[in-house]
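Before any questions on how it binds or moves, here is one chain, the form predicted on its own, in structure tokens.
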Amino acid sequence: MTQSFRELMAREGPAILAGAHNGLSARLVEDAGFDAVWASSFEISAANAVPDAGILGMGECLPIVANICDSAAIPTLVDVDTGYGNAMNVVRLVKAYERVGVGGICIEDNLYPKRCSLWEGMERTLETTDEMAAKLRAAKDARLSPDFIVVARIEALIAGLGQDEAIRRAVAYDDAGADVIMIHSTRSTPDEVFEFARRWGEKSPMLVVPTKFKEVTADALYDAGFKFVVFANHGLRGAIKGMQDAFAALARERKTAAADPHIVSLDEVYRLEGVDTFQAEEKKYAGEGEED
């Protein structure tokens, strides 16, 4: 990593993250100039053709996250859902993720197994505040580097429990050692998160994911008090659109040229794969150890 999340926190202006689900998408996040990668459980689940409902375990997610960290020089914040279980599961995941280069994790207070916050018409039950606080303390105790951050994601507004409950949970999670507070909302305007930010003030840094209130800018969110802004799932959704268009054109016209308006060149794929570096290293080391 060229920077840690603590360095990003100390810097002026918003720190903006974008979602990734594999090494290639992480490299594209870096290429676009974002400050960090959000290893999105939504994207990773969708890329494996399963719902974002805690179906994939840590054993399946860990190698994907390791590939993400290997593929981008910017820090990676991992969306670990509810922590794959209780506080002891969180201890194990922090140690495992830190070993592969993760810069921080985000744990939510949904009840395990979680259900995607964006799904409509769901009856939602949240984790008890005490159990969530225990997970946060476990995460902080398990980390090796002080630069590794722990984000506490609050789902009280999603569950319809209101601002008072959201603030109560934020205070408890802050007391438990959370480095960053994430407040989540599915309203179409940012009014709800702005109200939370006004009430929270400057107690600790805040993170927000503006998937639903999509007209608000990162600068406006920063001005409202949010240090971290995450564009959480747009890379995957863009990739799906591109593949749908390319496949439809190929199926319709039955020739490879039909896909050209919807795809990048092979040279661009080679650049992202690092073919030039591979070929240079191959040329450098080819034949070593062989007799003349």
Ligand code: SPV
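Sequential numbering from 1, following the sequence displayed. Since the model is a prediction, treat every value here as computed from it, not as a measurement.
What comes next is about the form predicted together with this ligand, which does not appear here.
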Among 112 to 120, 165 to 173, 189 to 197, 88 to 96, which stretch sits within 4.5 Å of this ligand in the predicted complex, heavy atoms only? 112 to 120
Verify the contact flag for residue 209: yes if a non-hydrogen atom of it lies within 4.5 Å of a non-hydrogen atom of this ligand in the predicted complex, no if not. yes
Quick one: is residue 232 in contact with this ligand in the predicted complex, heavy atoms, 4.5 Å cut-off? yes
Answer with yes or no whether residue 228 is in contact with this ligand in the predicted complex, where contact means some heavy atom within 4.5 Å. no
Can any non-hydrogen atom of residue 79 be found within 4.5 angstroms of this ligand in the predicted complex? yes
With this ligand taken in the predicted complex, which residues across 51 to 73 come within 4.5 angstroms through any non-hydrogen atom? 52
